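Quick setup: one chain, the form predicted on its own, written in structure tokens, and binding and motion questions come after.
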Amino acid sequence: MTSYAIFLGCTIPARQPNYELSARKALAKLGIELIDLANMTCCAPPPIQSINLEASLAIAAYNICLAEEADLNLITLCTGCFESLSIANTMLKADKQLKAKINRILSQAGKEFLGSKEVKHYLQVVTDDVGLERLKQNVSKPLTNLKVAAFYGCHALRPSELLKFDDPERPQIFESLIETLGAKNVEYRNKLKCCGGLLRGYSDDLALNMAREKLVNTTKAGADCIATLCPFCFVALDIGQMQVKLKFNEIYDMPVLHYSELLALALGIDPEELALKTHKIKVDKVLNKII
């Protein structure tokens, strides 16, 4: 069994127990052990980077230090957390002067960044540590009748030179993992365009228009559901449908699931164990195509 320190971030524990639950259950079934470490803090996400880069790097590096002390690589579920932690890990490993500067800050908390561990998104762990062939062998309920629209969001792919997650213009990792579960990957217009999630609270009308566009395009493409990686994308497209109904008088009834939920279902995990009732848009029509 391969072990990782899990970094949950802020949003998932507070607002999306379904994401954490499905990821834990699915990864355990695939032989990935997730270790919870004490004293993890915020990842200092991209908005903080734009205000104070050194503070952002120091906060992110603090979390990596905890994984280094436990002699574990770090796995993330949230793509925003993945971006923050990966950027810090890559930049500090590459720049000795910057590393020394950040370590002076970390020393005030009794920490030192060594650069000895890796930060991975859970899709990378499934791809690299499990592998598509072994994953396919573990699928007990293939999603054969399901047409899935993959949505990466913004923070998994860029800045590509630092994250090295996939080709930012023509990514394939997500699509490959969907198809390995037996589902059909559905291509749709403006697939890589932002959902507007991080604009909520700042420019709500613009955010809602961007989410609506995603719903329009996936519906026209014939998708049965949208698969997400990011908790903010999930909120924008799940709760967003209720707001679209109020503002535009349009009903899409498009289920939105995290990939980890589709993965758990394909591995034969009972839907009752996955907190699917926390979704605002019911996922019954997805379950009916699987069970």
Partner chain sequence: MPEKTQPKVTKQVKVIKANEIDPRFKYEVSKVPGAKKIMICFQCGTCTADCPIARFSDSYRPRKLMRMTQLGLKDRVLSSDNIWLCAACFTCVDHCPQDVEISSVLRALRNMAVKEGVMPVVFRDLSSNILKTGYAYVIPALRLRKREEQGLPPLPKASLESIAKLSEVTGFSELVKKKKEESE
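Not measured: the values here are computed from a predicted model. Residue numbers count along the first chain shown, from 1.
Note that the form predicted together with its partner chain isn't included here; everything after this is about it.
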| property | result |
| --- | --- |
| Interface membership of residue 53, its partner chain in the predicted bound form, 4.5 Å heavy atom rule | yes |
| Close approach of residue 41 to its partner chain in the predicted bound form, 4.5 Å, heavy atom | yes |
| Its partner chain contact at residue 47 in the predicted bound form, heavy atom, 4.5 Å | yes |
| Partner proximity in the predicted bound form: residue 213 to its partner chain, non-hydrogen atom cutoff 4.5 Å | yes |
| Of 93, 147, 141, 158, the one that lies within 4.5 Å of its partner chain in the predicted bound form (heavy atoms) | 158 |
| In the predicted bound form, the residue from 235, 58, 32, 244 that sits within 4.5 Å of its partner chain by heavy atoms | 58 |
| Its partner chain in the predicted bound form: contacted by all of 118, 131 and 280, heavy atom 4.5 Å | no |
| Which of 179-187, 68-76, 132-140, 101-109 sits within 4.5 Å of its partner chain in the predicted bound form, heavy atom basis | 101-109 |
| Contacts with its partner chain in the predicted bound form - residues in 7-26 whose heavy atoms fall within 4.5 Å | 8, 9, 10, 11, 13, 14, 15, 17, 20, 21, 24 |
